[in-house]
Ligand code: PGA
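One chain is shown next in structure tokens, namely the form predicted on its own.
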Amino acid sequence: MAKRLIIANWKMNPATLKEARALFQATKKKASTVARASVVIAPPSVYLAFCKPSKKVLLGAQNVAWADKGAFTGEISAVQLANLNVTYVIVGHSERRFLGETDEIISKKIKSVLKQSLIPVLCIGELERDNHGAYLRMVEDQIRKSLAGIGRESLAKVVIAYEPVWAIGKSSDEAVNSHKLHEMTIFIRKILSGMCGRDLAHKVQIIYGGSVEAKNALELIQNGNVSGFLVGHASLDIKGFGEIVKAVDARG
């Protein structure tokens, strides 16, 4: 089994380079004893060049352009990210989708990321849960359309981050419980199995994001059938994030 994975998505935080450097170094220190998990920090792009990855802490990007170069004001290419020692790239986060990013654009971005031998982290998740199963169709559509045209072997290199939109930015009590999470990971692997075969589908890492905190991390990692977490606001709290890392690492 691949190493477990914890990705810290700082979003548009912190406000200054000084704070970013301090937070990065403090997180590296917390991760120094990790043995069975990989820790990835995804800071705002303006800080990427100032955050030096190590064997314990890898560097991630929060977004990427689908093109390698050209007249795309404000965008950052996978080529540029690779030259900044980035390893993981978050693609299709719900906050990007709200800005108009479509599954078709996401698919192009994933192909660009894979072309540079970087690891795409595809975010999927329903807006809300209903009693008729429409949310399952939404998740399936996101998977199939976002991964359209990507070869079977390449599909196995993609990390799937299941982030139900209704659970993001809330308390741990409002997050998905481990039973529902386990059910969803089974559903996701079923879809992947139909796309690339059972063996390759089981190589895909599935992680969870959506109000992951120290309070619920151990329960989710033990019983949720996931390989790790994509952590948002809790990644800015060194003590709390350290507890999340500890829970994932202890699970092995």
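Here the structure is a predicted model, which means the values were calculated and not measured. Numbers follow the displayed sequence, beginning with 1.
If you look for the form predicted together with this ligand, you will not find it shown, but the lines that follow are about it.
This ligand is not drawn, but in the predicted complex it has a heavy atom within 4.5 Å of residue 93.
Although the partner is absent here, residue 230 lies within 4.5 Å of this ligand in the predicted complex, judged by heavy atoms. Residue 151 falls outside the set of residues with a heavy atom inside 4.5 Å of this ligand in the predicted complex. The closest heavy atom approach of residue 167 to this ligand in the predicted complex falls within 4.5 Å. You can rule out all but one of 52-60, 205-213, 219-227, 34-42: in the predicted complex, only 205-213 has residues with a heavy atom within 4.5 Å of this ligand. Contacts to this ligand in the predicted complex (heavy atom within 4.5 Å) from stretch 7-32: 9, 11.
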